[in-house]
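Next up is one chain by itself, shown in structure tokens, the form predicted on its own.
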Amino acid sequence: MNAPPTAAAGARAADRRTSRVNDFAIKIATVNGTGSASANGMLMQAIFRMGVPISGKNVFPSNIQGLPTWYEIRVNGDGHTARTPIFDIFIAMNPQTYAKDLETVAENGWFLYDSTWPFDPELLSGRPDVTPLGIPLAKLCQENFKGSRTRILLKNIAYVGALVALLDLDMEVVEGMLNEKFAKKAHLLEANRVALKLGGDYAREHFACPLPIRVESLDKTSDHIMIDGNTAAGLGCVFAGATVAAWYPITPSTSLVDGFTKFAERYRTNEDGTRNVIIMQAEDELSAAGMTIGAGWAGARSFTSTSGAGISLMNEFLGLAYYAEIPSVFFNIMRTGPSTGMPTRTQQGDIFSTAYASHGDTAHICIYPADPGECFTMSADAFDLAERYQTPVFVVSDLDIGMNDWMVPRFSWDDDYVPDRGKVLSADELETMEAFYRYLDVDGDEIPYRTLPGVHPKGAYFTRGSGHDKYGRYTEDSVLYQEVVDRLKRKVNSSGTTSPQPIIERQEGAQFSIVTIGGCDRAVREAIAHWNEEGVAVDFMRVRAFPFSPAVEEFLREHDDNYIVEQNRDGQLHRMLLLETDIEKKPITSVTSYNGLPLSAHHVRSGIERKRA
């Protein structure tokens, strides 16, 4: 499923380009460290403010500076914002990647390059359908600005100006964004205005503007925001009442705690300047896990954020928290592996490792957001589940969700929300009790009562990561040990009915079903929409938590053909469905994509159609 589609292979996309208004994709190739991120973000935000659905994907290297980087923008008036593998217009600012970049230009597309330097016409010999658009961006900036760094930065604004003309963007919107950004820096505002005009004027003078692909104002974004998943999760932690964050920097999770820190500085600072939050950068991931679990044991809503390599290092502490029944939340922003892998590429390779993290028989509650909106809401879900079930809970996101720009509905919050602290005994309750036993299931729901340190002498107990019985006493007795670990299994499994339930959508006469997870959602939905246009009905389910809801197995049993779409090599969700349900192997088929890039509808369709052939 991972063969890169050629321009010719994008026949469906090319057909759609007969209607070019609000339905195209842009890719911008630059060099890491040249300051293009700000310009690219401005371009995307301008289209968003024109009311047109859009998404932005940053494909960047793991080094600090000097290697190729790309930014992809998908514009779609119908709201399809998953990645597309081919691009109508390519902004080629890096000569080293010209040949590779041309491979992803759509049939009859455009290739905008800096004509300050010679362009080898042989590059286009195999793509006579592509129209070159040469603009001497570096020369224009050299003639109008001083300082090499200034010229490099403003060249990015100049190509935005060219796109304003070529795509018929609303200039008032773009200038309004410049005014917002540089309101207190008049000299920078003027320089950016000049660069914008230079690019736009050159494009209007030398090319037919606008191109057949263009933007036309809509009203489909007024109730939406643009945000990345890590920022959304950081905000969700604040709303959920988290007061302790312990972490060690690792791509792509670092910005989650960065976001939490900024929100906490604003909303967790008292009038006297003190803060009622603790944010600790640990010396490594193992320490971060220990701090998180220790704070959870003490009664704080605590979390850490990491990625796959960090989860591997945290495994021993995860086993302790599972066995000692300590609430804690772990955000895993997945990247490619194994080992260091490609740390700035996306994947869903930790589905298995988070569900069964640590040695021995362990299983953890995992919830899987599909976009930043769910990163926000599922943060609160995670803390509630962790304290209700007294166990570690994973929020399993990925780099695409965590670090890229997504258009999602504006967040809403129930002001009557009360955190579910679970079964915590108060001083008054302990005072009237004859005796307290930490691991004793009193109510028959598999969940014992817990106490917080210092509340009452009767609530003291020995927190055991070694063999213990239901009374918390050390034991190596086989029967007593099994009694405890069997209850732990039943406890975690019971979360399947209270964790976020699967999203299920049925269509009359469905020929097959697609089951997916996390950030695959939008690509799968777009693929289903294309099948529907062709008269093919398809049922849909997105799994949102593990252990699985009973509804997951019920849905699978309804269909003779279920295709499990996910982003990893080994079909980890597919394997878990076979392991954790009584479904036979034949009715479910694995369809995977694992090239490190966000999933596209093209890959979903081609992958499933090959399996059905």
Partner chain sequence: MSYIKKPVARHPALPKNAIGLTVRDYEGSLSTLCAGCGHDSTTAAIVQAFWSLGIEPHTAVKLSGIGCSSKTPTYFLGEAHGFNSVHGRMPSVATGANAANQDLTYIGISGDGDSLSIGLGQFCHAIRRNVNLAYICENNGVYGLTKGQFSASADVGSKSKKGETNEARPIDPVMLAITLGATFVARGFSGDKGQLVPILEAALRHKGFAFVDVISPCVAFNDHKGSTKSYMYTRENYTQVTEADLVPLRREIIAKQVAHEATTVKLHDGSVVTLRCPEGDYDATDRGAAFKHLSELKERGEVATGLLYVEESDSDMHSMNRTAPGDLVAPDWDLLCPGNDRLQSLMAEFR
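Numbering follows the first chain given and starts at 1. Predicted model only: the values in this text are computed from it and were never measured.
Not on display, but discussed next: the form predicted in complex with the partner chain.
The shortest heavy atom separation between residue 297 and the partner chain in the predicted complex is within 4.5 Å. Contact check for residue 117: no non-hydrogen atom falls within 4.5 Å of the partner chain in the predicted complex. None of the heavy atoms of residue 555 is located within 4.5 Å of the partner chain in the predicted complex. Taking non-hydrogen atoms only, residue 490 never approaches the partner chain to within 4.5 angstroms in the predicted complex.
Not one of 43, 159 and 506 is positioned with any heavy atom within 4.5 Å of the partner chain in the predicted complex. Note that among 143 to 151, 83 to 91, 530 to 538, 261 to 269, the stretch whose heavy atoms approach the partner chain to within 4.5 Å in the predicted complex is 261 to 269. Taking 360, 453, 126, 121 one by one, only a single residue has any non-hydrogen atom within 4.5 Å of the partner chain in the predicted complex, and it is 453. Among 342, 171, 433, 279, the residue placing a heavy atom within 4.5 Å of the partner chain in the predicted complex is 279.
Applying a 4.5 Å heavy atom cutoff to the partner chain in the predicted complex picks out 410, 411, 412, 413, 415, 417, 419, 421 from 402 to 438, in order along the sequence.
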